[in-house]
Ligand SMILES: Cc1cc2nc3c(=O)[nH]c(=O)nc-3n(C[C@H](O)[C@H](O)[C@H](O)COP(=O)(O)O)c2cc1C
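Below you will find one chain, with nothing else, as structure tokens; this is the form predicted alone, and questions on how it binds or moves follow later.
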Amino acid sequence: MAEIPTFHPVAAGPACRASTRRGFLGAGGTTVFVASGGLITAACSVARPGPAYAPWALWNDPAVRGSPLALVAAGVLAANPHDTQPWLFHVQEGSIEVFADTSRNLGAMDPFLREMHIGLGCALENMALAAPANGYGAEIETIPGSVLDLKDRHGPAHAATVRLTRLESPQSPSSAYHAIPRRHTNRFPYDRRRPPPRAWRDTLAAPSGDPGVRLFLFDEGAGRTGYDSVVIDATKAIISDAAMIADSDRWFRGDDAEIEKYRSGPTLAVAGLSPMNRLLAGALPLPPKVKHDAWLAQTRDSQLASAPLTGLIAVRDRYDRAAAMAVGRLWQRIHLAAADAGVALQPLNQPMEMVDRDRSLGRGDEWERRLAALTGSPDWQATFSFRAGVCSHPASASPRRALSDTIIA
């Protein structure tokens, strides 16, 4: 029976170090791998030390390398909505079943779990990249169906299975694999005068690998004006919607105690604030309206105004589960390549969140029509939105849950 290590925190040093002991849990004749606590000193490319940032140093640790758990350790570092980390894993020697943790839903912000499934796709891409480097071939099978049919919001929903086969020897890791711990969302202002490197942008023109997924880019002209307008207006609409903004706010972690307690959710460190504004935001109990107005101003006057390039990812049916996960895999690839090329990226998914909100309430299709004007056809439904550029301020890591909190028997 395979043995997978348990991790414990140790003092930070010049390099990331870990003290480990071996342990496993067997259940019902099936080996289930666990890493109790998932704690390892976060001394490499994280915002601050502490258990909540430990998984960023675990992704390629010798203690998990060459085991199925190494794929999970890479998967949990993937992009995901609001840092909800909405995934669970059932790990065996020959497969890893991936579940949507529907209890970690965003409520009115993601009423159909569409964004949740995009986040699962991001995790699947990291796992696929980690497989050959750890001596595995990986075949990913996504569960068909529509997110509109997922009514439960309390437990796991099977989303995909990663079938594993042992290779004769590990393969040389790809550059994307090495970029996994360096990929972070950057909400700081970009340099509007410096477009992303041509070599990176050329990678966006390459086929996505899925004919049902398409990328649309906007840098200037009427398309860019329309893009900026719909993002700004959707941000205003979310702020004006009490249920949406409350469901967004409940994930925010305002201090170190909350960060270590929940190990998830947006923090001040990743908000893209200036040092002075970050200090003030952390020291003063600001009224909700002040914070929400600041979000709108930052979106309009800093994030969009400074971005030389924006984009949409569209599919034929944004509520198809497999399509949503395919979008997540594409976004993860784009973001990892960006990390390699020195390009900063940030999702701006407010318009699609308003499409979902309209549908959940049975009201008009204003946002749908405005997005269709950007894609040029109602047959291509935008489901992900982002900005790209060059930023002088490095992005910080976000908290991550312990591996043991993501693994189920």
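In this text the structure is predicted, and so the values were computed from the model without any measurement. Just count from 1 along the sequence shown to find any residue number.
Only in words, not in the display: the form predicted in complex with the ligand, which the text now covers.
Not displayed here, the ligand is kept clear of residue 101 by more than 4.5 Å at the level of heavy atoms in the model of the complex. Contact check for residue 347: a non-hydrogen atom falls within 4.5 Å of the ligand in the model of the complex. Using a 4.5 Å cutoff between non-hydrogen atoms, residue 318 does not count as a contact of the ligand in the model of the complex.
The closest heavy atom approach of residue 53 to the ligand in the model of the complex falls outside 4.5 Å. Each of 79, 353 and 384 comes within 4.5 Å of the ligand in the model of the complex, counting any heavy atom. In summary, the region of this chain contacting the ligand in the model of the complex, judged by heavy atoms within 4.5 Å and restricted to 216-224, 276-284, 182-190, 159-167, corresponds to 182-190. For the options 91, 122, 113, 74, the residue carrying a heavy atom within 4.5 angstroms of the ligand in the model of the complex is 122.
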